[in-house]
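Below you will find one chain, with nothing else, as structure tokens; this is the form predicted on its own, and questions on how it binds or moves follow later.
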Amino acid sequence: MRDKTNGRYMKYGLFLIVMFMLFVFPVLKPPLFFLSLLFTAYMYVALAESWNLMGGYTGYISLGHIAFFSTGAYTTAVFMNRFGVSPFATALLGGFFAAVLAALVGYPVLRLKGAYFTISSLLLAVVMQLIFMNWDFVGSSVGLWYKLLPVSIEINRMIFYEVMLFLATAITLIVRWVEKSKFGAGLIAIREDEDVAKTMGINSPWLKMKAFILGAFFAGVIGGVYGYYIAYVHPEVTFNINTSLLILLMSFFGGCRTWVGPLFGAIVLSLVNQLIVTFIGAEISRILYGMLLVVVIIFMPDGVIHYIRGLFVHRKIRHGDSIL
């Protein structure tokens, strides 16, 4: 019992040390490239974790998560340019409007299952892109520019680095809590067999709606911060289906049935993606990621985390056998 308690304290202590080092990293004044690189990694961690509420725990594979992300980005741009609202306040508004969108489309869309749900979620992103492309109030095909913060580029990058790190940490901890809660147990039961879950008294439609709205809210907040970070939003930029595919790949690569999997997958693949795009090219990276997605789905359906955990368990068993 004491060993378990000590192990738990060691995990908490290591977590606090790592987080402290990450938060003070900008103080060391590293090159801006590294701040931008880590900002992108944190963003994908947050997006993958928010996607995992439906795609991983509930088993409803969505390709329309980018619609909620883009809703948050456009909300920030509109409220800043039209009404002069603070960018970080508008990020929360972006989450709110993304959640409202999820609530509106959730009832009809969540009645579908399997490939039908996946296709309908993709259509949601396509339809939203067309609407924003032809809506003058949000800039239509011209897009919208943001008013930059009156600070130097170094301070600007430091601020957004810290904000996205906070969001990634908070969303990951919330998703971890969901996994271990009664709410998460209900979502996992739906994933395993929704009909059996209903016979056990689980309110499947309500749980799916809650997960859908919560994931959309997180994506909207992330989009609100990201839109201001790049200082420009356009339907072809924010509604990029490649982002949805990358989120899906990160979650599956790490292991979408646990909160650790998307975290691991997002960190590894976002860094690899940046290196491939920088030194090889964006087109080649899409081909490589498409091939990797096929390989992961066929040969590693439980993700890399499943194999890593298996190795640790095997080592513990061997260590125990050697002691005995």
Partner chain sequence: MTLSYIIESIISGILLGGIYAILSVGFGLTWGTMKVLNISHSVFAVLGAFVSYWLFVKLKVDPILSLPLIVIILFSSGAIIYKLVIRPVQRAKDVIMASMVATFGVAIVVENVMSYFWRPDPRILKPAYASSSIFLGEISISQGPLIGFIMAICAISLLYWFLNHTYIGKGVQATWQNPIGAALVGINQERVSLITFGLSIASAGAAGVAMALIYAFYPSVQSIWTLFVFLVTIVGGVGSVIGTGLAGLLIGSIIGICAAFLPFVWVNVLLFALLLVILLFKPEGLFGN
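Numbering follows the first chain given and starts at 1. Model, not experiment: these values are computed from the prediction.
Just so you know, the form predicted in complex with the partner chain exists too; it's not on screen, but the next bit is about it.
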Stretch in contact, per heavy atom within 4.5 angstroms of the partner chain in the model of the complex, of 171 to 179, 112 to 120, 138 to 146, 86 to 94: 112 to 120
Thinking of 131, 293 and 297 as one candidate spot, does the partner chain come within 4.5 Å of a heavy atom in every one of them in the model of the complex? yes
Hey, in the model of the complex, does residue 61 get a heavy atom within 4.5 angstroms of the partner chain? yes
How about residue 214 - does it come within 4.5 Å of the partner chain in the model of the complex, if we only consider non-hydrogen atoms? no
Find out whether any non-hydrogen atom of residue 99 is located within 4.5 angstroms of the partner chain in the model of the complex, and reply yes or no. no
Is residue 248 close to the partner chain in the model of the complex, meaning a heavy atom pair under 4.5 Å apart or at it? yes
Contact assignment for the partner chain in the model of the complex, among 237, 163, 126, 230, heavy atom within 4.5 Å: 126
Answer key: of 74, 252, 226, 218, within 4.5 Å of the partner chain in the model of the complex (heavy atoms) is 252
